[in-house]
Ligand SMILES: Cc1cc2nc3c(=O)[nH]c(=O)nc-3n(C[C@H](O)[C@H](O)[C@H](O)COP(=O)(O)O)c2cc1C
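Given as structure tokens, the chain that follows is alone and in the form predicted on its own.
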Amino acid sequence: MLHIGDFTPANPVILAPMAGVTDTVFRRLAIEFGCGMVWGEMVSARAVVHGNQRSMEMLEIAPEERPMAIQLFGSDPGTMAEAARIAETFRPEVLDINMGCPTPKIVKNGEGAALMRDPNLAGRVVEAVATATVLPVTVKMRKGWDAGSVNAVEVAKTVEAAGAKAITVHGRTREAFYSGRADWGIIREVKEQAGIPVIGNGDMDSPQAAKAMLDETGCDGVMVGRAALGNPWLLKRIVHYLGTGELLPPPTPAERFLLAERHLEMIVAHKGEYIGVREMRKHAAWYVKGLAGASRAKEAINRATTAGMMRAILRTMAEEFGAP
């Protein structure tokens, strides 16, 4: 059973934070498909402290997407502490600190995965945040900065001593970004050394992989990221498999197109037609990936400029695959 401070998710399957993806609509779908908990998109602590409207909107949590963790990124302890106090008013179940984002625009400011290069600063950031809030504070980190500086165990011990209540370890270095296979061995090492729960992240692309991760590393939970894009059924299948040992079938092509249509309706309702349709293009491409006619569907989807146009494309494709 995964315990994060005083909070216990219904199951140990967690949706990873993904910038530009895990918005309120995607999080609601993840919870609907049985995910034990969702992580929101990372939010800049500096922007939160300055009251940036977009960042403040990203902190909002609807009842349908709970339980949820708000994830902040930053490297200044004082700014992170102030942002934590503000984030706490939105009442997330957990407050997470990003020490894993590999993108250049984040790490060039010493934030995200760059904190792995300065364990002392990482500890001070966690201590400041943990002191500023009553929420359980967690950290999402990577294996290390590069192959020559694998220090996840050191950083894990440091943030635990500073007040972190759980750690998520992505088994790749910052240098690797998302390439190659994730190193589950480093997750096992952190679990063996840490006195707080450890959540494993990396290559969670099937129910069998999730069980193997738990068995091989001893970690307390699994975090599912890119494999859930266009495939929230994966979350349900992992939860079911871990609980029963039974492998549920993957969705049919018709089911994928029908859910894409509903996703479209949800995102347009939340963000308006202009933004919603354009943001839905990437989601629709993920829903149809690997299906017969996927290239044709994606071309048509990318030309759609209205919800009606995209809805008609998705509905036509669903009917081609036998949807009523």
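Because the structure is predicted, anything quoted here is derived from the model rather than measured. Counting begins at 1, following the sequence as shown.
Same protein, other form: the form predicted together with the named molecule, not shown, and the subject of what follows.
Heavy atoms within 4.5 Å of the named molecule in the predicted bound form belong, among the stretches 250 to 258, 222 to 230, 119 to 127, 79 to 87, to residues of 222 to 230.
None of 189, 203, 160, 93 but one reaches within 4.5 angstroms of the named molecule in the predicted bound form through a heavy atom, and that residue is 203.
Site annotation in the predicted bound form: the residue of 64, 265, 273, 41 reaching within 4.5 Å of the named molecule with a heavy atom is 41. Although the partner is absent here, residue 71 sits close enough that one of its heavy atoms falls within 4.5 Å of the named molecule in the predicted bound form. With a 4.5 Å cutoff on heavy atoms, residue 18 counts as touching the named molecule in the predicted bound form.
A residue is said to contact a partner when one of its heavy atoms sits within 4.5 Å of a partner heavy atom; residue 237 fails this definition for the named molecule in the predicted bound form, lying far away.
In the predicted bound form, the named molecule stays beyond 4.5 Å of every heavy atom belonging to residue 173. In the predicted bound form, the named molecule lies within 4.5 angstroms of a heavy atom of only one residue of 80 to 106, namely 98.
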